[in-house]
Every structure is written in C-alpha cells, then in structure tokens.
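This document opens with one chain alone, in structure tokens, the form predicted alone.
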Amino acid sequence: MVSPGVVFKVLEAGLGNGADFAEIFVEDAYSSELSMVDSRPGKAIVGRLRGAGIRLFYGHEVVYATTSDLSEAGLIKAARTAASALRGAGRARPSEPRARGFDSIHAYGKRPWEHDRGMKFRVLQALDGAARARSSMVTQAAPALLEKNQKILVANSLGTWAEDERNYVTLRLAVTLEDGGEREEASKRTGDLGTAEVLGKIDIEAFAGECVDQGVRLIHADHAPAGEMPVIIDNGFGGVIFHEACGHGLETTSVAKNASVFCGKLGEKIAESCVTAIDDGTMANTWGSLDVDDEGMATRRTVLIENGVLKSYIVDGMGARQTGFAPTGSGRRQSYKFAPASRMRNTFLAAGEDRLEDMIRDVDHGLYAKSMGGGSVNPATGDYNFGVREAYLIRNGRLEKPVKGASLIGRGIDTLGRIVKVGDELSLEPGMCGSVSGSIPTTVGQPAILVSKILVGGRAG
C-alpha cells in the first residue's frame, strides 16, 4: 500500500515538532450494497474509500490529520500539518518499521467483486419469495446484502508494521405485515467476518420464517403492563444491554476521564458469582473479530468480569498512557477518517449452568424479554432505556400471551448486580456500535439471564 521508505519519512515528519509518538494508518476499502424492492432488484451500489490518517502524541495530547492523497508528498504534507498543531519537547526519531508476521485465524473465499452479482440477487429473491409465502399478512419484504473488503496498514514510530485484510458480509430482511387494520414490522439479520460463500450455508426458509413469524405473533398482541418486576432477558441480542450500559463504561475512553461508574473498581465484586463477561477478538470468522486492531496490536481475549469480580478494562494505546493499564488490542476505528479509541469486539456474558425453563418456573409475576430492540444509554452513568421487540408475560411460573411495547429502564451497574441466574445456552448476534471513533462491527451476546428486578415501561392499569 505504502512502501517502508515512505512510511519512515512520514513518521519522521510527524515527529518533527516535538511529538513523542507518530502513527500512520492507511486504508483501502471496497463496499457493496444490493437490495430488493417490490420483489425486483432495487439498489446495486458499490463504493471505494482510500486514504490515510496521521496520529501524533504529545504526552496525553493527541493530534490527528487525514488525507486522501497517498502519494509520498501528500502523506508528508499531512504529517507536517499535524505536527504544526502543537509543539513538544521531544526529540524522538522513528524506529525502522518491522513487519509483524501472523497467521490469520479467519478463512475467506472470493472477495466481493469476484462473486457473480446474479447469484447474490438470486439469494435475495429467494428470501423475498420465502417471506411473502410465509404469511398472507406480508405486504412488503425488503432483503438486502452488504459486503465490505478492507485492507489496512498500521505503522508507528516505535517500529510497528502490521498489515491486515478484513471481509464482512451481512444479510438482512425487513418485512411489513397488515391485518384487520393493524400494522406490524419485523426484521432479522446475520453477519460474518467472511465472504459471500456463507450465503450457501443459510437456510432461506428458516431465516425468512423466523422474521415473519415474529411479526405474526405481535400484530394483534396486547401492550405490556408497566411496573417493577423480575425480567428474563433471552440469549443472543439480549446482550445489547450489557454492551451498551456496561461495556462502554469499561472502555478507557470513559475510564481515563473518570467518566464511568466502573472507575476505581478493579478487583471489586460488582456482580453475583454467576456472572462472567468477556470481550474476545480472537473468535474465528466472528463479526467483531480482528487479527490485529487498528493500532497494529494483535487482538486477544480479555476477561472483563470473572465470577462477579471486575478484572480488566478495555484499553487502547492512548488509554494505556492515561491510565497505566496494559493495552488489550482494542484500538478500533470506522475508517482512516477517525482516530482510534478503545472499543469492544465480541462482547458477551459467558454461559452459566441454569436452564431457561427453570428460570421461568422461578418467576411468579414478571416478563420474558425474548427479543430486544433499540434504546438509549448515558455512557457516564449507565442509565438505559431499551425497547423490547417481543415479550411474554410470566404468571405462576408459566409463559402467557405475547405482549409488545415494553421497555426496560435501569442503570447498568445496578442491573449487573441483580443478575441471579445465568443460562447454559450462549448465543451471539452481530451489530454495529457507534462511538467517538465511528461505527464499527461488534458482536453482542449472552445466555438467557434472570434479573431479580427491572423497571418495565408499558401501559399502566
């Protein structure tokens, strides 16, 4: 992408005004989006993003500059522009870049542009047809396929040189249902760190059926009641609450600013012994995984909470400087247009020993949140409000009718402390996470969990 000789000159220019650390991140990314509208091919959009970001450290101060000019002159100009922003006392010279060798744990097939586009549209057409055939209530189906190929180079003044290639593929389906004046929407998605070969492994009928059936169950469902009650949050995307309400508070992006409720709690018991939480970038071909992070550091498995005890934060390079904690291979960014920050990868609560049916039997009056929706979180306090896409009332240890319109309202660290049972079936779901370094692929997950008390928003009375 850029020769070692040019990289050395760029880093040298970045250090020219007293910075004590210089880094270059070079990216070449290809993206494709295909979609169907009214059972016909709708969009076929491809894009290309090429450029570089130059990052300089002056102690705990950061300067970041970007350029789409990858010529030697263009890169040196960007480095000098960044260096002109501050003056430091450093007199560092860059070390000669040393290539970091590694064996990728991820298996890829053909890149997005190498696959037949007709084959991809046939998959979307099959998904569209399966959704419409599933129920006469379906009035619209919108399948889409998104692919991305990203090649990166990261080099810095300490001698790091790391190159990586990442491929992402996402299949999603949204449906609209109408019946008797009622209208409902449902959606489903799957995502892999992989290439379009994974489409051949998807059961199209089952994928469409799960999506449509949820809408059918909910279209005439009653609205959920309101009040404080025990809540069982199912596996898979239920992990979004831990991700949003707790995970962001464990990133040094927040911890270094003392803007997290988890500050100063390392080694303390913050949850019951049944709770273990992990952030793992080493899971083969899993949506949030990496070989190296966007700072050129090998990814790793990080145990955040072990048997209820806080063991680690999520640490990037600058976060390590500011806090003194060792980096965890978690420096991530959306593209060269963003400086990296501490971010999650595949973040999940580990499986426990309890069965879902036993949890349900333990609840006299509560809510079973089968499918979570979106929500909002205050990252400093962990206060959250999340919609529940599909839920069921629990009475006398049995599931009753489905309900909709519920929301879960609470504070992450409080909810964490109220998890009293953890299920034995872990499931992961792909998603996109937005923060200071842009929107990145992350995986959330958990087994089913029983929370002794959460405030449920719904309809009173």
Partner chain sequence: MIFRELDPTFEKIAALAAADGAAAEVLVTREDKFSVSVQKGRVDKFDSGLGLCAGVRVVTDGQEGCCSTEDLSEDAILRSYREALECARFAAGQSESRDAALGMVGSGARGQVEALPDGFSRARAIERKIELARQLEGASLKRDPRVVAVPYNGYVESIGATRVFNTKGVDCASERSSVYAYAYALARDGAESRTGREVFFARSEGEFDPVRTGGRAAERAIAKLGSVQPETGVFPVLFDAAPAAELLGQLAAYLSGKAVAEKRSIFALDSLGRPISSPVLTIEDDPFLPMGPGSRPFDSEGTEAARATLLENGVLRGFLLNSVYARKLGLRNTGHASRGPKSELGIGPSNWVVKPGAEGRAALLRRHPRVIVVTDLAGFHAGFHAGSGNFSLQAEGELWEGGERKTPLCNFVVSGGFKDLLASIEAVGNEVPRPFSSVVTPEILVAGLSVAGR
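Positions refer to the first chain, counted from 1. None of these values were measured; they are calculated from a predicted model.
Although not depicted, the form predicted together with the partner chain is the subject of the following passage.
Contact annotation for T66: at least one heavy atom lies within 4.5 Å of the partner chain in the model of the complex. A residue is said to contact a partner when one of its heavy atoms sits within 4.5 Å of a partner heavy atom; R50 meets this definition for the partner chain in the model of the complex.
When the partner chain is considered in the model of the complex, R355 lies well away from it, no heavy atom lying within 4.5 Å. At a distance threshold of 4.5 angstroms between non-hydrogen atoms, V46 is in contact with the partner chain in the model of the complex. Between the partner chain and the residues S187, S104, T381, S71, the one pair within 4.5 Å by heavy atoms in the model of the complex involves T381.
Exactly one listed residue, out of K337, K265, K110, R300, brings a non-hydrogen atom to within 4.5 Å of the partner chain in the model of the complex: K337. Here the chain stands by itself, but in the model of the complex one stretch of 279-287, 149-157, 112-120, 362-370, 112-120, has heavy atoms within 4.5 Å of the partner chain. Residues of 404-419 placing a heavy atom within 4.5 Å of the partner chain in the model of the complex, in sequence order: K404, G405, A406, S407, I409, R411.
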